[in-house]
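This document starts with one chain, in the form predicted on its own, laid out as structure tokens.
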């Protein structure tokens, strides 16, 4: 009864931690493509190829449902995967859905015409590839009107977090927020469009100011998954063992993951 979680690196561990708290009975198989991280600077075709390879490995591990806990993969590969690659009886879900549900205050299954929502000015912080894809703006436009989205590509932040250099990560976050505010001085809300970014949520909030509501993904994804499995319990796969898989150096990745989750994590080769 395992569920797969994929990320290009360690950022998806923020999602895994939230899902573990919300669904402690569900074994989780995590795949970190650390050897090829970060994805944010790769081409769409490259991201698609790497994401499908990782997802196939999670299917092999007994996961019928895989969450792309990577905004870059969700933006650049998910739609293409769902339209022509995902095998019958399997599901691959992204992490934009819960964010847009929360932002627009409407259920994903609500197919009524787009309508005005409470927020008018939204700051989107994401990787360069996610920003280039405009996937967030496209999905938001299906559900809301009158929302101005200003995107800021946060180059370097994922690399700094993956290397454990949180001092550099903080400096980069503050620089990117300053750049965003020069384009949109007074956002109503901010989207942290990368699963690495919740680790820097307090820094984003401090740099943006208390009057800006910051939407972070981990808890939203966990709650959305719980609702999905209530409605589709057959999508819990046959796997019974929790695993941590990586394409990188297992010892190095395990050490950094242990720091991320503040408990012992042992990765094995994918």
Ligand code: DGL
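Numbering follows the first chain given and starts at 1. Everything quoted here is computed from the prediction, not taken from an experiment.
Keep in mind that the form predicted together with the named molecule is not shown, yet the notes after this line are about it.
- Although the partner is absent from this view, residue 31 stays clear of the named molecule in the predicted bound form, with no non-hydrogen atom inside 4.5 angstroms.
- Within this chain, residue 158 lines the site of the named molecule in the predicted bound form, having a heavy atom no more than 4.5 Å away.
- In the predicted bound form, at least one heavy atom of residue 194 sits within 4.5 Å of the named molecule.
- The candidate stretches are 206-214, 64-72, 222-230, 49-57, and the one lying within 4.5 Å of the named molecule in the predicted bound form by heavy atoms is 64-72.
- Contacts with the named molecule in the predicted bound form, taken as any heavy atom within 4.5 Å, map to no residue of 141-156.
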